[in-house]
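Single chain ahead, written as structure tokens, the form predicted on its own.
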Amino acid sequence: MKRTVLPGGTIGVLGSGQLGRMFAIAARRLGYRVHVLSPDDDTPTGQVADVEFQASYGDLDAVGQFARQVDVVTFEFENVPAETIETVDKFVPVFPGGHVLHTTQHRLREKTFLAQAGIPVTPFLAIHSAAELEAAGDEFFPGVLKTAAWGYDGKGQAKVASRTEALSAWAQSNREQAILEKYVDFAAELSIVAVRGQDGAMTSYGPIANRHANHILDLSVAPGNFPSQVAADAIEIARTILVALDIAGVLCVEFFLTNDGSLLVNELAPRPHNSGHLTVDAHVACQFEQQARAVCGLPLACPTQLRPAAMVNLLGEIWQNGTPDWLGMLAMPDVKLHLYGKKNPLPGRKMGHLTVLADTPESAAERVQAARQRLRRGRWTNPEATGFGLAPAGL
């Protein structure tokens, strides 16, 4: 149901990571109070929220108590149980909604929905058993075998060159529902961050060029300098999905651009997205403000980009040789530092990001990577994190 919550009201957030943190900061700028619920305490979101409510998502009595203290609820990641959303919905609306979460938190349901809606996707097969892998056609190899549920940042997936490798990966998995996707030898990766209000109004940011390393987003650049027809098609696909899923909120659509110039949807994220972090510094209004406006029933904001920008993630590896060289990096006055308040810099864990605005996308990409390199002490480097272009980068 539609719900208008004016500034001064209280927004509840399910999940307490960096996306919730940046959402809370944007919402508080608009004058909202923010309550966050998660199983942990002293979380990235909790550190900046008005109230940090610590409870298991499965503790439905506590979830109900949380919901009674807020005016509207959103979520910052997809791994929230359906029962949690259903409980909240008894007291206040949840945006973008339990139906959206049900579809997008499960890779097979998501791909099936997209295919049935006529959206171009990578060829895929539902896998429930080793026998179904045995029967998979040769056209699916090489491929990527993914768990159907609870996966992100490359977790729960394996590239498989052959049926034999697929069977081995299946045997080492939890052997529950999975999806086998044909490997796409793409030319580039891009994303569209779009938003739809409760009144049906829609807007979007232009295509963002992305590069991954070890299945984790490494570098995002905007504008992505894609052909105008590719940009227009990507935006139109994102708008079609917003309507088909009846989303009120932010949606990120991740695409592969194939070598023949066609677009394939890889994944959906019904929330602000890592690739859209650069909108905080580079645009009139960022993706997090858009999310707050959408879930509160306000008019959407202006998505205009002010200058070309690039963003790099800071993973836990940056800390492996000691405290990063913050002074050396911050001596670069054009670099914007965003840290998430996480205590333990584990390998592969997103600890923060850097953003640079420049006269061209290429110079922004070069500058932001140079800034990240200044942070590293000792001789450790990531050979996958240098340079930027539209060459295939693998899955």
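When you see a residue number, it is the position in the sequence shown, counting from 1. Note that this is a predicted model, so its numbers are computed, not measured.
A second form of this protein, the form predicted in complex with ligand AMP, is not displayed here; the remarks below concern that form.
With the partner removed from view, the residue among 239, 212, 163, 109 that has a non-hydrogen atom within 4.5 Å of ligand AMP in the predicted bound form turns out to be 212. Interface residue among 281, 71, 254, 317 relative to ligand AMP in the predicted bound form, by the heavy atom within 4.5 Å criterion: 254. A residue is said to contact a partner when one of its heavy atoms sits within 4.5 Å of a partner heavy atom; residue 189 meets this definition for ligand AMP in the predicted bound form. None of the heavy atoms of residue 198 is located within 4.5 Å of ligand AMP in the predicted bound form.
At the 4.5 Å threshold, heavy atoms of residue 271 stay clear of ligand AMP in the predicted bound form, well away from it. In the predicted bound form, ligand AMP sits within 4.5 Å of a heavy atom belonging to residue 144. Segments offered: 199 to 207, 78 to 86, 95 to 103, 254 to 262. Contacting ligand AMP in the predicted bound form at heavy atom distances within 4.5 Å is 254 to 262. Along 260 to 280, a non-hydrogen atom within 4.5 Å of ligand AMP in the predicted bound form is carried by 266, 267, in order along the sequence.
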